[in-house]
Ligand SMILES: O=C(O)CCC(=O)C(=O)O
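The chain below stands alone and is given as structure tokens, in the form predicted on its own.
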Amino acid sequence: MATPVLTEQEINDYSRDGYVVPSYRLPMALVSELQVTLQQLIDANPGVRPEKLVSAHIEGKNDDGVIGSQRFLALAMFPPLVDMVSQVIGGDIALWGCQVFCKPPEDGYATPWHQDGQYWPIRPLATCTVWIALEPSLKSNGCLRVIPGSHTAKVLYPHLHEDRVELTLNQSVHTDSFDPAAARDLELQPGQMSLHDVYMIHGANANTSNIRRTGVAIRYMPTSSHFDRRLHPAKGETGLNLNFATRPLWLLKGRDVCGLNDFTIGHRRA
């Protein structure tokens, strides 16, 4: 039997805090390849803010308005990542999303405090996001920030609409719902990653430094949940171009437990 990727302590930390930074890191050769793919992705999408490269794992022009790369799909299917996710959400797993958040130096957008479940058509809400650093992610250039334990109640707190251009998302958690002073900065080097729960409150400051910051957020859900394409939870007020109606799903492990997920919609013929 293969050695588990996450330690028992890391699994416990994820359950308690809603996130974990595992000791596992991507091989540096793979990171170097992905850094090349990252620049190709940015060059292929000159009309899209680099913080908003949605569905980057879908080859060619996708229905979210981004020209993606199959190399990010291969990353999402990388066995150690799938194995880690199965340790925290179970062995029946679907891949449903992948977004590149690249904050350019000096004017990289902020991400307001939010819960991912506010935006997603998954019922019941359940997703593990694997956030992988492709470049140094530091306090100085707007690393991911989390509120430990904010997932525990498994509720979505009130979100307010923010009509500001310089944000990656336009809805934020009302600050009465949590204590910003409890925030932890997740500083990561290339190849390091964090895993976080769908209910955990998190965000990131703007990048005002002279160092670019890039992470890839890969979204996995247990198939006991339904990706319901009829739902539009944020009513189009996300700040992102999202088309859930044609978003493809991949069954990566196990079976479709709820029996409602469609793994044919959005896939293109070879």
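All residue numbers are counted from 1 along the displayed sequence. Just so it is clear, the structure is predicted and the values come from calculations on it, not from any experiment.
Just so you know, the form predicted in complex with the named molecule exists too; it's not on screen, but the next bit is about it.
Proximity to the named molecule in the model of the complex, defined as a heavy atom within 4.5 Å, singles out one entry of 211, 31, 42, 217, which is 217. Shown without its partner, this chain lists 58, 221, 54, 204 as candidates; in the model of the complex, only 204 has a non-hydrogen atom within 4.5 angstroms of the named molecule.
Within 4.5 Å of some heavy atom of the named molecule in the model of the complex lies at least one heavy atom of residue 101. The closest heavy atom approach of residue 131 to the named molecule in the model of the complex falls within 4.5 Å.
Put simply, residue 151 is far from the named molecule in the model of the complex: not one heavy atom of it is within 4.5 Å. Though the partner is left out of this view, residue 92 does not reach within 4.5 Å of the named molecule in the model of the complex, counting heavy atoms only. Residues placing heavy atoms within 4.5 Å of the named molecule in the model of the complex fall in a single listed stretch, namely 195 to 203, out of 151 to 159, 181 to 189, 195 to 203, 80 to 88. Contact with the named molecule in the model of the complex, defined as a heavy atom within 4.5 Å, is made by all three of 111, 116 and 144.
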